[in-house]
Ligand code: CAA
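This document starts with one chain, in the form predicted on its own, laid out as structure tokens.
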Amino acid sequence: MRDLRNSAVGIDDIAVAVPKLFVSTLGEFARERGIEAEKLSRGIGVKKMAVPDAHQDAATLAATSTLELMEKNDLRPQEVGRIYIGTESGVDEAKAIGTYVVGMLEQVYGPGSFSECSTVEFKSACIGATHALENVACWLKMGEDEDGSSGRRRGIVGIVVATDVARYEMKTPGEYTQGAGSVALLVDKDPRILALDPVMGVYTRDVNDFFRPIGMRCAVVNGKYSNHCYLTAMEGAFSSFQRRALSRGMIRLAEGECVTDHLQHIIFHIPYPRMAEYAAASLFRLEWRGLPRWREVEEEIGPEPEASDFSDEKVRLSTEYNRRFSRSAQFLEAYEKKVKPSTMASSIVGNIYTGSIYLGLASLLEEGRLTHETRLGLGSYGSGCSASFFSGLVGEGVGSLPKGRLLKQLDDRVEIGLEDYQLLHDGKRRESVVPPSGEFALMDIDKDGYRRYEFVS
């Protein structure tokens, strides 16, 4: 995303892989956990959670999405120079998950077919795939081997894979924000979906809002504090982006305008869909202050509370005002138009950590909401914490991309009951609920802990 050369680089295509199983949060799950279904469906925004089967993990999901991406674009292994993977669900403390993925792909394309493809694993909670995308985009802009001596039909491309299994302890507040899935991004020059702008805003702090110590299967999350860290970091990253975009003349404002007015859609990291609403309220509130429209907001909901320090009381007052602001007519109009459409898939898949922001992009593509030459904004967050805000222009070829694959995949899933869900969650079910077919599967973990994968036709 750095302005190294003038050629456009970005996301040319997307492929999504989700488990074939899901558990509804609104029936047996809600009753057994003593939670009102309305809280989950509207208060949190999650109706279904994707559940990995016994033969699935972050590596099989990554390989499955990558294979689909390659097949739908008729890519050969020698045309792929990078497979960079963002994940916090790594299956080994040393061996990169990408090497497992390459090994699985070579069962389809032949031994050694990816020997000239570089792979590395990015870990930074839910922002890892965004860092991977930035790196692959920069690599392409610096120039790849284009001598054509190997008979390649196109220039070398990169693939970024976001793959994760979000897992929390049962009967905790985080349990109903679980999910699993993988999103593979084809990164190329003159992309059809999104040409990345040369500006990225960033924000970093050291906090303990969410973490998973080595050896622990489930993450530890400090819920309300994590929400606060997310919003603070997103505001910081957006302010950084805003300053850089305006100073470079990338976005030019007319009187009464703000930067978000120039973004057709804004896609946020989605731990649960309602969080995207909170993030949107935080950014719009930040941007609209001082504009004529803010006077209309204050006439409807009253003036912002004032506090002279950074006490808990200030946080409480700000949070309460944000809730009022999110019910204002001005905000609801902007949110419904710019943000809500990207949350469609997440509401029936759940949290997929690094992939959630790109699942939002896939949702917009699936629904035909991307328009050539319009600008999208993307707000990525990783607990611990790091945030980035970046943007891109929708490509001319976006209309040529097929639609319907994602919705069909989600419609074809199998619902499971609470008992099977709990056994799979705890790793106590050895046999798959749905036997693997046309996908990669974890077949064995040997006595040394090494994982064996196969493609099951």
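This is a predicted model, so every value here is computed, not measured. Numbering starts at 1 and follows the sequence shown.
Below: the form predicted together with this ligand, not depicted.
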{"item": "Options 292-300, 350-358, 196-204, 89-97; stretch whose heavy atom lies within 4.5 Å of this ligand in the predicted bound form", "value": "350-358"}
{"item": "Listed residue that, although this ligand is not shown, lies within 4.5 Å of it in the predicted bound form (heavy atoms), from 412, 431, 419, 38", "value": "38"}
{"item": "Listed residue that, although this ligand is not shown, lies within 4.5 Å of it in the predicted bound form (heavy atoms), from 241, 84, 230, 268", "value": "230"}
{"item": "Residue 335 within 4.5 Å of this ligand in the predicted bound form, heavy atoms", "value": "no"}
{"item": "4.5 Å heavy atom contact, residue 323 and this ligand in the predicted bound form", "value": "yes"}
{"item": "Partner contact for residue 130 in the predicted bound form: this ligand, 4.5 angstroms, heavy atom", "value": "no"}
{"item": "In the predicted bound form, residue 76 touching this ligand (heavy atom, 4.5 Å)", "value": "no"}
{"item": "Residues in 63-101 with any heavy atom within 4.5 Å of this ligand in the predicted bound form", "value": "none"}
